[in-house]
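One chain comes next, on its own, written out as structure tokens in the form predicted on its own.
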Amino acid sequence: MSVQAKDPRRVGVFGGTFDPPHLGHLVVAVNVLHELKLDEVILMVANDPWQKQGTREISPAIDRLALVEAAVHGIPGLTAGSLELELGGPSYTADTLEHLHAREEHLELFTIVGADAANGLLTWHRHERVSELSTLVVVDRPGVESALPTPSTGCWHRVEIPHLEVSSSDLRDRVNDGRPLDFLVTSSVLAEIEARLMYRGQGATA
């Protein structure tokens, strides 16, 4: 009697600093989840985002993870990823994908990035390995003609998402200035920011 092969779990990996996570991040995650019929999208919190080293003060990874856990709580298919914190050191997508494959045998991975990040894919650490281990998912606004990855970067999909004028840097500045974050982050994320006294006294940020 033959044993039917198990279908691989389709998992999106949406990496970022998430300092803090906002509604734009959630819109990306749920739209990719739906469009590609994924089983799960992991919002993978960078332990040490090497591309931002020296550009500004980065909040402690454990605090950013708590914010992402609050952001995805109760949203079907979305989870917070702590793997890069467990690995320690600078966070590289290729390393993360390798460890995810090692942890779960039947897994099909999708690396979710914005168009700007996709255009800079060739500058990533071991970018060839990223293309080998996952399908690239490029998210962009409807009607925007962006320069998308070349065939040399491997298989990729484009997913259109609603454009929201919200950024983590603006949110940090709003907290520092005492302006409200209501309706820009979830109420649970706002509660965590206030409880942890985050983003106060930082001044203008990048």
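Residues carry their position along the shown sequence, with the first being 1. What you are looking at is a predicted structure, and each value in this text was computed from that prediction instead of being measured.
Just so it is clear, the following notes concern the form predicted in complex with a small molecule, a form of the same protein that is not shown.
Exactly one listed residue, out of Arg56, His157, His34, Arg174, brings a non-hydrogen atom to within 4.5 Å of the small molecule in the predicted complex: Arg56. Checked against the small molecule in the predicted complex, the residues Gly114, Gly120, Pro90, Gly77 give one hit for a heavy atom within 4.5 Å, which is Gly114. Proximity of Ser168 to the small molecule in the predicted complex: non-hydrogen atoms within 4.5 Å are present. Although the partner is absent here, Val139 sits close enough that one of its heavy atoms falls within 4.5 Å of the small molecule in the predicted complex. The shortest heavy atom separation between Val28 and the small molecule in the predicted complex is within 4.5 Å. The closest heavy atom approach of Leu164 to the small molecule in the predicted complex falls within 4.5 Å.
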